[in-house]
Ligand code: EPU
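Have a look below at one chain only, the form predicted alone, in structure tokens format.
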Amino acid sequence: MKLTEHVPLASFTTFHIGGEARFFAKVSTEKDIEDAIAYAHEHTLSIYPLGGGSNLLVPDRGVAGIVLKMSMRNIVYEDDGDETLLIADAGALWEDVINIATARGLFGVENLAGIPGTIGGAAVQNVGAYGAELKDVFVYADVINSATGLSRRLTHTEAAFGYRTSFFKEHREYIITRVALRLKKHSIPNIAYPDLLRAQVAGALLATPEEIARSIRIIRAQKFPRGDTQGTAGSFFKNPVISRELADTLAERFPDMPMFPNKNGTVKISLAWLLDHALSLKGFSMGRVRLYERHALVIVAREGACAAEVDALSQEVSERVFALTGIRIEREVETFGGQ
């Protein structure tokens, strides 16, 4: 494990924003992680794992600790009848996981195609899209506790997945080293999501995992900006989950707003709809950052933008939503380094 000092982090994120890491190391083995933990304990430093940098906003002042760039990318399979256990190192690119799984005709992750980042980050965030979530196929994650240096395996129940959250997100001392997913060789395609139904009507083939993944990438390309031309972290805000009473009140005010009832009696509402149709904020800009013209949940940063500008836009959007609805919206994108 080689530590480098004062490494700019902007190029390691899809936002292309942020200051330096006090210490930075690319880790290719679990031994590298263990060495980094030992160094951190010796010098009283915090550790911050970094995957694909696709859901992170690095503060302009940087990160005062050790940033570990997860570079372990091995992917293996264990067949078990009609199911296959896919086991991937935490640094494996999520798109590589999708491509390999769908090429083998395995169902379970095809609806999550096109999401940037790594499988480790996907587990932390419990990524979800088009009627699917990572928790639907998650089996276990191997982790190292950075506070104790001890390794263990966390099961699906222990992972405590929720809407864009997990045990791993709430307990940052656990560094994921490996994730196992259970995929199926035969399944009924999950194509009930409206965008997929529209694609099917338009003639898209949606019978195999590869076909579904291909269509979803096309759909996503129409909604999200290209990361190589401008900085973005995808959907910046979470869709609010509110009480049934508040949902009923909002339904009277905004009868066309999409709502999605949950089994526990709460209701998830479409923040993108509110921002676009109720607040007319699609394309709204402040300085060098703006809400994307095709998807109001996405913040886009021009070259030279800083984290402070993203924070200011985010705060302005939050205040306008609260003034209109009384709802305090939450970020999906995290501020790296816990700052």
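Start at 1 and count along the sequence shown; that's the residue number. These numbers come from a predicted model, not from an experiment.
Not pictured, yet referred to below: the form predicted in complex with the ligand.
- Heavy atoms of every residue among 195, 273 and 276 are located within 4.5 Å of the ligand in the predicted bound form.
- A heavy atom within 4.5 Å of the ligand in the predicted bound form is found for one listed residue only; from 254, 167, 163, 140, this is 163.
- Listed residues 31, 61, 294, 41 were compared with the ligand in the predicted bound form; 294 is the one with a heavy atom within 4.5 Å.
- Of the candidate stretches 98-106, 203-211, 245-253, 124-132, only 124-132 contains residues with a heavy atom within 4.5 Å of the ligand in the predicted bound form.
- At the 4.5 Å threshold, heavy atoms of residue 282 reach the ligand in the predicted bound form.
- Using a 4.5 angstroms threshold between heavy atoms, residue 238 counts as touching the ligand in the predicted bound form.
- Within this chain, residue 265 is remote from the site of the ligand in the predicted bound form, having no heavy atom within 4.5 Å.
- Although the partner is absent here, residue 77 sits far enough away that none of its heavy atoms falls within 4.5 Å of the ligand in the predicted bound form.
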